[in-house]
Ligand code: 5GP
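Below you'll find only one chain, the form predicted alone, shown as structure tokens.
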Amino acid sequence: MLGNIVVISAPSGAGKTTICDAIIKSDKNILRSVSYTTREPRKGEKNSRDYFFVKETEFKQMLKSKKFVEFAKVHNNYYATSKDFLNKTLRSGKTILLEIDVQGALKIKKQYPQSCMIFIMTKNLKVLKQRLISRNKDSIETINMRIKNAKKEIQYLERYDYLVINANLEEVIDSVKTIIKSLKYKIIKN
């Protein structure tokens, strides 16, 4: 039996990394797809755990060699998902959790139509902006760019299977776990 692909997208600051971390810790049969990126590591991030940090020249060579199932340029940096890892994990019967932006999510859905697409959002953009400010990681210019991007991402909600509002972290984590558990009962239609 093939595994499942679960795509989680959210604007910056909506809590997707925290939610994905909790999901991964809760079930050994769920593996995180570690993306490749050209951006610099943030404080506390480790290569091969959080991302595979590569130079843009190396990224473009991998892209040319068709090593990625999807890629996107987000906030002036490239991100991509390894084709080999995705297919190998699917064959193993495990669930793959992809924490990726809307651009990448739509590419995954096109190539793997059975993918479960979950969009995480805050109650509104005002709450999202406050979260970005309170995490104290970005300049006001970067925060405004992230809000502008969030407005664009929200336009793709109808392409997702689920919308989960992150108002209470524990409830959101439980909701996402329930969605993932339900996939083992889903009838796959060709």
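Worth saying up front: this structure is predicted, and the values here are computed from it rather than measured. Note that residue numbering follows the sequence shown and begins at 1.
The same protein also exists as the form predicted together with guanosine-5'-monophosphate; that form is not shown, yet it is the one meant from here on.
*Asks:* Out of 24-32, 121-129, 65-73, 154-162, where are the residues with a heavy atom within 4.5 Å of guanosine-5'-monophosphate in the model of the complex?
*Replies:* Among the listed stretches, the partner-contacting one is 65-73.
*Asks:* Residue-level contact is defined here as any heavy atom of the residue lying within 4.5 Å of guanosine-5'-monophosphate in the model of the complex; does I100 satisfy this criterion?
*Replies:* The answer is yes: I100 has a heavy atom within 4.5 Å of guanosine-5'-monophosphate.
*Asks:* Is Y79 close enough to guanosine-5'-monophosphate in the model of the complex to count, meaning some heavy atom within 4.5 Å?
*Replies:* Flag for Y79 set to yes.
*Asks:* Verify the contact flag for F52: yes if a non-hydrogen atom of it lies within 4.5 Å of a non-hydrogen atom of guanosine-5'-monophosphate in the model of the complex, no if not.
*Replies:* Close contact is absent here: in the model of the complex, F52 is far from guanosine-5'-monophosphate, nothing within 4.5 Å, heavy atoms only.
*Asks:* If we define contact as a non-hydrogen atom of the residue within 4.5 angstroms of the partner, is K46 a contact of guanosine-5'-monophosphate in the model of the complex?
*Replies:* Output for K46 is no: heavy atoms all beyond 4.5 Å of guanosine-5'-monophosphate.
*Asks:* Within 114-140, which residues come within 4.5 Å of guanosine-5'-monophosphate in the model of the complex, counting heavy atoms only?
*Replies:* If the 4.5 Å heavy-atom criterion is applied to guanosine-5'-monophosphate in the model of the complex, 114-140 yields nothing.
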